[in-house]
Ligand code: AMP
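Read the single chain below, which is given as structure tokens and is the form predicted alone.
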Amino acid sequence: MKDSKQTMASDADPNSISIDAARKVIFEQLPSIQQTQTVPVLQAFGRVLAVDLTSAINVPSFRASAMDGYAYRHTEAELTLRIADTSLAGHPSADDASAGECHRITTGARVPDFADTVVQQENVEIVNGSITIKHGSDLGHHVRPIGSDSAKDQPLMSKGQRIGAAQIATLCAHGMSNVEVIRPINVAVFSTGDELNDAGTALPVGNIYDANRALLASMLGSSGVVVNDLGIVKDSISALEDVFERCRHADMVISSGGVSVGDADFVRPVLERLGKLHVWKIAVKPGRPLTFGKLDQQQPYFGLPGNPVSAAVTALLFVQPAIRKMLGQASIELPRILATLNSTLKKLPGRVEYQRALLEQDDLGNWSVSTTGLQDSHVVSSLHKANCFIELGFDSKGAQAGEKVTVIPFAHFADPVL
């Protein structure tokens, strides 16, 4: 599994593997959540569809007007037409009309059977209750056909679709009040380290406040993901064994810290005894010491680095895709764009590097990107100051001002740029 070229690069670790190789191993080990729930459509935001859906009705179920105007026979476009009735949304007019007659009609209203075309109101002249069409419409213009949105019995949505606002609107438009979704995935999260304290408590000398659990809960928590915060775990084998026992009913377990090779880093040996280790060290910066394995109940386990930015990057690259896969979603790559670099970036070959940056667009629509400054992995403030990552490839030696670089805009850690 090792990438042979990594041993030749100055920032490489011969024991690390590539991002793609790590994802392959991780994805092969992930179970699939099969249990489903039926929930009200209005409560389904963020959930994953459990079944394929077909349209039970035609939408629209009648020919509808796309404009405020007048419904008429196209063959009578040259005539002066008497306004004989009015079709309002929800209050249709009669279906019949005599020769030389038209109906006033509003947007969304049912087009009467006699009419085959609608002319918008701006293109007619009204005199004494009759219209003269100044600018004619093509046959069928401004008439929405039956089923033009969705036809009855045709595919509507596919299993694995994540339900957002547009999907909720679509389901409601098709008369669906309930929908079958994958049950939420239960994720247990804890931090390790004798130096960690919860925010709001007194801070002893030499200690720091734990930001990682809040970061991960904010990144991962949603209507489809239930995050169980198990708190701070001390640096000892017994404490780790105890917390892993408390995770027996979780679908996934995530820790941060304690996965390196320090004297007080016990996660790896405990994992090797209680489960199975599959991945340790990935050629990415920040975030090389990432551990992935499975506990004795076969739950996937991610041991993220302790530095907050490293935890954020590895959660974005590995944990979020893993959750999507377990819920049956398609694996979607993060969107990337090219932007002009405003300053020089330094980098050693041997790892893919993600630098926090600020992406901006000028009045001409040109994208430019600037680093947020210090890129050390403990600088959590760099995440809220940034709105993107600059992605520098494995063999990259940095980039010069004026070069085009690959940028990943995000809404994961701060306000989105797009």
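Counting begins at 1, following the sequence as shown. Every value quoted in this text rests on a predicted model; they were computed, and no experiment measured them.
There is another form of the same protein, the form predicted together with the named molecule; it is not shown, and what comes next is about it.
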| query | finding |
| --- | --- |
| Residue (of G293, G258, G224, P286) lying close to the named molecule in the predicted complex, criterion heavy atoms within 4.5 Å | G258 |
| Listed residue that, although the named molecule is not shown, lies within 4.5 Å of it in the predicted complex (heavy atoms), from S191, S87, T117, T314 | S191 |
| Complete contact of A50, T54 and Q161 with the named molecule in the predicted complex (any heavy atom, 4.5 Å) | no |
| Close approach of L220 to the named molecule in the predicted complex, 4.5 Å, heavy atom | no |
| Residue contact check: P300 to the named molecule in the predicted complex, 4.5 Å heavy atom | no |
| Distance check, L327 to the named molecule in the predicted complex, heavy atom within 4.5 Å | no |
| 4.5 Å heavy atom contact, N307 to the named molecule in the predicted complex | yes |
| Per-stretch contact check against the named molecule in the predicted complex, the hit in 316-324, 336-344, 249-257, 147-155 (non-hydrogen atom, 4.5 angstroms) | 249-257 |
| Residues within stretch 177-213 having a non-hydrogen atom within 4.5 Å of the named molecule in the predicted complex | S191, T192, E195, L196, I208, Y209, D210, A211, N212 |
